[in-house]
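Given as structure tokens, the chain that follows is alone and in the form predicted on its own.
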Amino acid sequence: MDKIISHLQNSKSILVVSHANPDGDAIGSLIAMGLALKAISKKTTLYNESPIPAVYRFLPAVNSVVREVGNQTFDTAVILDCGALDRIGEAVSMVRRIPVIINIDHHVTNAGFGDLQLIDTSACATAEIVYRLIKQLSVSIDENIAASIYTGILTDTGSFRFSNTNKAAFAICEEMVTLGVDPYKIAQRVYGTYSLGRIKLLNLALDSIEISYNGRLSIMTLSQDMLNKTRTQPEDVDGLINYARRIEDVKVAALIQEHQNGDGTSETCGNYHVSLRSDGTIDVAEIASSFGGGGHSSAAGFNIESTLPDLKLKIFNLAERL
């Protein structure tokens, strides 16, 4: 960490990036890190290629996150919550040209990319690591940074329900509350309300669930046509897989999501993202890695080009070893 602190203190222009299709940890870490660097007078640009999900738009400084960086030049890139550099999306080629890349993450499948790494797989969230970095930078954590860190930890631990919940999750969040965070207000923003479209999407998603012959694996499928019919966005998919995971006797749930360039026909080869969730007894990061993806032991994912029937067959074949 000392080398990273020293480098950040000596950097002049820093690009801070988190993974495309961001979750609460990716957004919370991005904003907290960005605000901290600006607090020590660094020229800082926050980047994410995807629209910020509506449930996180309450976070302070969220409007400063850009989706294009133009012709700006940077001496340092800080990559947050990415197991692999290409998780940032189309900007990867530009980022690779930045002189120093700092990799900060907590995924067990992190590829170890970058010139400097701070990877702690025991951390409950990347926001926990960012919290420690901010402390080492001697930045005073204000209410805005606190809200971002709290949101990152809250969401990545599933409101302190997931197996990655550790002592630090409670200790840091307690400190953030002391600094002004209102747990009720953040919970209401993140979990309190759903659009009518999301409810309609949930109905279609539940109807798509299929169960393996032994009852240990479930598959939920979401097509672009479903999103179009319900007038929802990819961000509205967040959390739907948990309904498939919580089915009695199911050990692993898979959510197959068609990418935007799909044509909606099952016979045609298309691009899909597969999210995997475990009940804690199966390491889905290992499964995801076998398909070129990664993640955590209880939550992982991968991208794949396939026909939908072939993809479902590959996933259902996993049930034999569950």
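Nothing here was measured: the structure is a model prediction, and the numbers come from that model. Residue numbers here begin at 1 and follow the sequence given.
As for the form predicted together with a small molecule, it is not shown, yet the points below apply to it.
Note on the partner interface in the predicted complex: the residue among 87, 216, 245, 198 having a heavy atom within 4.5 angstroms of the small molecule is 87. Here the chain stands alone, but in the predicted complex its contact with the small molecule, taken as any heavy atom within 4.5 Å, falls in 272 to 280 among 272 to 280, 59 to 67, 43 to 51, 30 to 38. The shortest heavy atom separation between residue 300 and the small molecule in the predicted complex is within 4.5 Å. By the criterion of a heavy atom within 4.5 Å, residue 107 is counted among the residues contacting the small molecule in the predicted complex.
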